[in-house]
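Below are two forms of the same protein chain, given as structure tokens: structure 1, then structure 2.
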Structure 1
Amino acid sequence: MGIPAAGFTVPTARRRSTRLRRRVGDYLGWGATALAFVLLGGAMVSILVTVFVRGSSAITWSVITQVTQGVGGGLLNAIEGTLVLAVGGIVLAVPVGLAAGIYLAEFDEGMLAPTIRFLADVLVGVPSIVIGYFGYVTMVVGLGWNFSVAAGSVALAIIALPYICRTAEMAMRQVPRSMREAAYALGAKDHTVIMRICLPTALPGILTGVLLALAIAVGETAPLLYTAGWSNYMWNGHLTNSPIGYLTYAIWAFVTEPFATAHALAYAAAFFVTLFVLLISVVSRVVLDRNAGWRRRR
């Protein structure tokens, strides 16, 4: 507590006990908050240790060179499938999401923009299994695509869409107004200002959003189970009517099998997925941090 003003009474016993109580309260309070942090950090450490220790001992040369055979073999088909599905989903989502982000940031007037922003935010919260089942009903059954790359990629694109849209909007909004005004003053039209001036400036933020969406796409399981299916073979290049493997399926399906070879594949798959997701998170954090620093210095 502060210094008592000169000339005031000396601390009484009651005041001393109040001071003690407040100090004890402070220590207990800080202790409780630190405990909360330690619980979360400890769980995080336990997850990372489980995945990386067991995963690294499960990775052998054959895991990345062979395809799955029953409950053994390798994961080459799943690694390829995860890349095909995630890249497919992102390629579908980026043009739409980016255009939507530009619209929300640049033409934010009337009722359309707030409505779309709201729907996008609610779409983020729709459970991924619901999107998977929607994909099953509409594409796998309705359009007759069966389990396929196309159905899986569209399901992932729906999940990635609102993330890309909202991060693109944030990035576009951070472009200084003066840059826009200067461009308009030179006689540039909407599309020139946005595509040639704002978009390049906002690019790091937009890329961060795309990277995060890619991480989400790589880590998703539920929307793929009944759209992409599973296959023990390499992708045959067909967009419809042929199922494809992916790493997250291997984690789920193989860890519950009673065979050591299956467990090893599950740990190896978890290793790859987690490593990829963490790398993307760290990279995007570093990019964001540099941007934030740049903004603070302004």
Structure 2
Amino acid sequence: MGIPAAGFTVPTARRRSTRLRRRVGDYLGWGATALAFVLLGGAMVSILVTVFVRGSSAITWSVITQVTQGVGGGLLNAIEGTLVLAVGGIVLAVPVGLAAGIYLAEFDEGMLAPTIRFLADVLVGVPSIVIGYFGYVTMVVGLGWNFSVAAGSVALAIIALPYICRTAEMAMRQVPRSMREAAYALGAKDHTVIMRICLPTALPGILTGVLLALAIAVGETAPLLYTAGWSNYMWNGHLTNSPIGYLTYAIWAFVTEPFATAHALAYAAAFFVTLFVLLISVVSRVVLDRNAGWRRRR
């Protein structure tokens, strides 16, 4: 009886050694994950604290109610311009991006759909300054629009387009197949199924993508330098041949100036941009969570 017992000693020791190595590997993996989380969270908290502390101390009533005057004054023109450009870019990008997303989700056949998907993925990786250069060559100079709201909005629309497209595609693909089959069984056509069944069901996911694209548009600087220019005045309502101010330009231009008033405007502009992006991100997160809860209840 002693020989079999001795024979089972080696496999038992190997299993213990394997379990020990796995446990050590698990601890090391979780430790590295926790360290990465702490570093990332610490960096994010540090940025937010710096922006909000310095920005909130620089915000005064005149910053909100006055236009920029050289390296002083306020940011009313920049706040208005940021909202105009961001909304203009999203208004231009949503119809095209939504249509492309619906096509990719519902008519994924032939070579056109993979080509659109590939181009959308490539467009995500294109540096924003390259898009600004493209806008400058084609619209500011080529079409004679000069620095303007139209050129800046088109540049932001190009940046937001792939995000809306792919988000719309994923949201449409998440619509249960049973809903489509039930609609087809009742005699509904393709356009009826898409517009009356799929699109309303996927709307929260699509809205999340639109909000994220809006947050990206609010924080852009490079493409607007070449397309929107800069103006110390309020927008005059013209779409072309009229530059406009925006918050990210104030950060880029004023933070390097050797004047306290310029630094205050840069901090205040950073505060407003961060606040806008944070609010948009929170709203998109709430919409996504409510959509997930609605799906679970169903």
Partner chain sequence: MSFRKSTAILASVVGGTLVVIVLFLTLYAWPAIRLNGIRFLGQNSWNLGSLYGNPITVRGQQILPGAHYGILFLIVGTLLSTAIALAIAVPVGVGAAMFLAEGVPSPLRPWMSFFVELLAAIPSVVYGLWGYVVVIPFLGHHLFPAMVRWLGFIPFLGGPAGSGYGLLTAGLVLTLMIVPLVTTTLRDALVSPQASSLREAAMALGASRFETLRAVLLPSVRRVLIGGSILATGRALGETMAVLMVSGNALNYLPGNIYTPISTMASFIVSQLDSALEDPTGMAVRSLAEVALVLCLISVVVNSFARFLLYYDASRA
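Small disclaimer: the values here were computed from a predicted structure and weren't measured. Please note that residue numbering is based on structure 1, beginning with 1 at the start of its sequence. Between two forms, the rigid core is defined as the largest C-alpha subset superposing within 1.5 Å.
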Mapping for form predicted in complex with the partner chain resolves to structure 1
Any idea which of Glu257, Asp121, Ala43, Pro127 is the hinge when one rigid bit rotates relative to the other between the two structures? Ala43
Two-part rigid motion between the two structures - turning angle of the smaller part, in °: 17
For Phe37, give the CA shift between the two structures in Å, the superposition being done on the rigid core. 2.6
Supposing the core is put in the same place in both forms, how far has the CA of Arg21 shifted between the two structures, in Å? 8.4
